[in-house]
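The data below hold one chain only, encoded as structure tokens and taken in the form predicted alone.
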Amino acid sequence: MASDLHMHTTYSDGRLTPEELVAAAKDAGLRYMAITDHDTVGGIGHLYETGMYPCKSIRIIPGIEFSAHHPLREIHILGYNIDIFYGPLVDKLNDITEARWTRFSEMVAKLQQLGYDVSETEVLTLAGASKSISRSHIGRVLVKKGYFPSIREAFDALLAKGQPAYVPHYRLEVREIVDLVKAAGGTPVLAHPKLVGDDALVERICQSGIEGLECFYPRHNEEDTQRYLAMADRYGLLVSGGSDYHGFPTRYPTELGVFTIEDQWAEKFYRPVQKL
């Protein structure tokens, strides 16, 4: 069987609800799955509250994806098997959510000043249940209104760092995230290291207390994968991998099960569920 340890729901910037994502994972024949929404554990919390987690037919690993602060690079840290009710984690996520809302409002205001007919209401309507409002939601509105053919082009022209509608946002330091994930009982993993764009920085992060490296990723070619597998081995790190599935037809993979990892990697992250 196969597994996927990196996917998103409507609680951040994915298209499927937590229930739909679990159903899709079952249909794809996955044995292990991890929900890793951006800066929120709302999706896994929803499954727990509705009696869908734990699940008998698929092994769900509760997770999260944090964006870490760096002046030049995009660094994301995955946290697996976190206690979603751990007080300091909940408090910090509330701080991040509040900062995201402020940033979202400022970005919409900038777009309006640039002549784009985009409102906060439109973005919030499209975001639905998500409390983790992101640039992707704004980009989807810009695409929907015909300003750009794709979210990537909206980012390149307006929303990416250095572009006219970009607003920096509150991010935790790498070490702060690593410590927080561990304090919440979890395992911190550096996500998609190739996208960091600096392997020397990746190596420094590998020595910062991180416990795993996402070696298998859709935008890693075979050479990348082997390089990061060797790096994980060198630093004694767990090996992770996943599709970064969001569920949109313009973003690969378009379906769950297209990009997977072998169960031997995923099972090392799985812990039998205790009463939360």
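Counting begins at 1, following the sequence as shown. Just so you know, these numbers come straight off a predicted model, no measurement behind them.
Same protein, other form: the form predicted in complex with a small molecule, not shown, and the subject of what follows.
Residue 155 near the small molecule in the predicted bound form, any heavy atom under 4.5 Å?
Contact check for residue 155: yes, within 4.5 Å of the small molecule in the predicted bound form.
Does any heavy atom of residue 134 come within 4.5 Å of a heavy atom of the small molecule in the predicted bound form?
Within the cut-off, so yes.
is_contact(residue 69, the small molecule) in the predicted bound form, heavy atom dist at most 4.5 Å
No, residue 69 stays farther than 4.5 Å from the small molecule in the predicted bound form.
Although the small molecule is absent from this view, report whether residue 169 comes within 4.5 Å of it in the predicted bound form, heavy atoms only.
Taking the distances in the predicted bound form, the answer for residue 169 is yes, it comes within 4.5 Å of the small molecule.
Can you pick out, from 92, 110, 103, 194, the residue that has a heavy atom within 4.5 Å of the small molecule in the predicted bound form?
Residue within 4.5 Å of the partner: 103.
Contact assignment for the small molecule in the predicted bound form, among 220, 38, 59, 227, heavy atom within 4.5 Å
Spelling it out, the residue with a heavy atom inside the cut-off is 38.
Flag this candidate site as yes only if 175, 204 and 210 all have a heavy atom within 4.5 Å of the small molecule in the predicted bound form; otherwise mark no.
Zero of three within 4.5 Å in the predicted bound form.
At 4.5 Å between heavy atoms, only one of the stretches 83-91, 134-142, 110-118, 196-204 reaches the small molecule in the predicted bound form; which one is it?
Only one stretch qualifies here: 134-142.
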